[in-house]
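Here we start with a single chain on its own, the form predicted on its own, put down as structure tokens.
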């Protein structure tokens, strides 16, 4: 209900969209090529209206066992003997089917996460491009001949682990599912994937759309809780590799549980990413880059530019431009193409972000813009936060050190190059960083000095499947994407063959 107790147009639109997006579909586990109902159900909630979208089967650790068994059967019976060309063809065919269902998947993604419909479409397209990229890489994998003496033929070969596990975050469910499945399948593995409980719908649907393309059991999706399903994947003795994207706190738990079975892990975790604005920067470009990096996806992005570190000579001018962009955002219904900022995805995240905004004010930072809910009764049931900008921020403040995961920008100042680099690196995280400058030498030197796995110059993104993505320090270990990601889904075997002198 809206403020006057009358059904709003937005609620009507969303309830109709729920029915349209889920009609004739069953959202449950996907195991061994079939829908798999758990023992209980849960319902992800629409972040715009706080209504349940559809019932989803709640799987358990026992269901993870079933999925792992199915994945091993598929690996042993068919997938391990599928050649690179066969794997490439299957992944490419699947990407084509997903492209045919682009609008369906876009609607599910928007309803589940609260992303503006255009952003959701772009991320589904990113998922498809990622799978197409790994379809191409499947045929390019090579071992190596190692030159040695004439009496030894020495070579290496790359082999899949067998069954791998993936745990997908709630902020980019479709796209990151492809980050896990693309390289895993291209390298020859089968997979057991857990979508986030808050946003499971697209991950389940893309698995359903793989029917008859892959052998049954190659792709398995097990929705459920982090403790019940995620924990079971992390320490399962039948899963030979685990890839997790999410918070640093949960990532540490995954690493600890995987250590029990000495299972290798890839972890892409939190951040407090800086963007340094040097005095020669094109301030329009810099302000847009920082804004894209903190307001896209309502700031629920792992590499959000949540710290703008601005040279004192251009601080006021940069701030004027940045505030103008913040004011220009259209907060509204994500299904409206004009909307540029949707709600936060969950009620708990709304509470977290609201608490940090209160904390910033208590710490003495100046709330230069935003900080509240939009003044629109049609949006009162959603988890909306205005674009928020804090100035007079000092590096020791919690809002400058801790990951907020919302549309909250902190703006700090510096005077010297070394001060900017020290301030940027003074964090436990190291996922991404940004640089605003028109000087090539400054850009390359800063890129080398910043402690981050990804550095953007004068822009935010784009994130392309061609390049590795991941962080340093407590932002994780290993890399998603790029050719390098294949190395995380395969093992290298060295073969020594002794060769005798030829004789007849």
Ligand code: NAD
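No experiment lies behind these values; they were computed from the predicted model shown. Residue numbers count along the first chain shown, from 1.
Keep in mind that the form predicted together with nicotinamide-adenine-dinucleotide (NAD) is not shown, yet the notes after this line are about it.
- Counting atoms of nicotinamide-adenine-dinucleotide (NAD), placed from its pose in the predicted bound form by superposing the C-alphas round the site, that lie within 2.4 Å of this form's backbone or C-beta atoms gives zero, so the site is open.
- Proximity to nicotinamide-adenine-dinucleotide (NAD) in the predicted bound form, defined as a heavy atom within 4.5 Å, singles out one entry of 133, 170, 72, 318, which is 170.
- Shown without its partner, this chain lists 227, 330, 85, 262 as candidates; in the predicted bound form, only 227 has a non-hydrogen atom within 4.5 angstroms of nicotinamide-adenine-dinucleotide (NAD).
- Residue contact check for residue 365: none of its heavy atoms lie within 4.5 Å of nicotinamide-adenine-dinucleotide (NAD) in the predicted bound form.
- Using a 4.5 Å cutoff between non-hydrogen atoms, residue 195 counts as a contact of nicotinamide-adenine-dinucleotide (NAD) in the predicted bound form.
- Contact check for residue 405: a non-hydrogen atom falls within 4.5 Å of nicotinamide-adenine-dinucleotide (NAD) in the predicted bound form.
- Although the partner is absent from this view, residue 179 contacts nicotinamide-adenine-dinucleotide (NAD) in the predicted bound form, with a non-hydrogen atom inside 4.5 angstroms.
- Judged by heavy atoms within 4.5 Å of nicotinamide-adenine-dinucleotide (NAD) in the predicted bound form, the contact stretch among the candidates 350-358, 265-273, 310-318, 205-213 is 265-273.
- If you take 236-265 and check each residue for a heavy atom within 4.5 Å of nicotinamide-adenine-dinucleotide (NAD) in the predicted bound form, you get 244, 245, 246, 247, 250, 253, 254, in sequence order.
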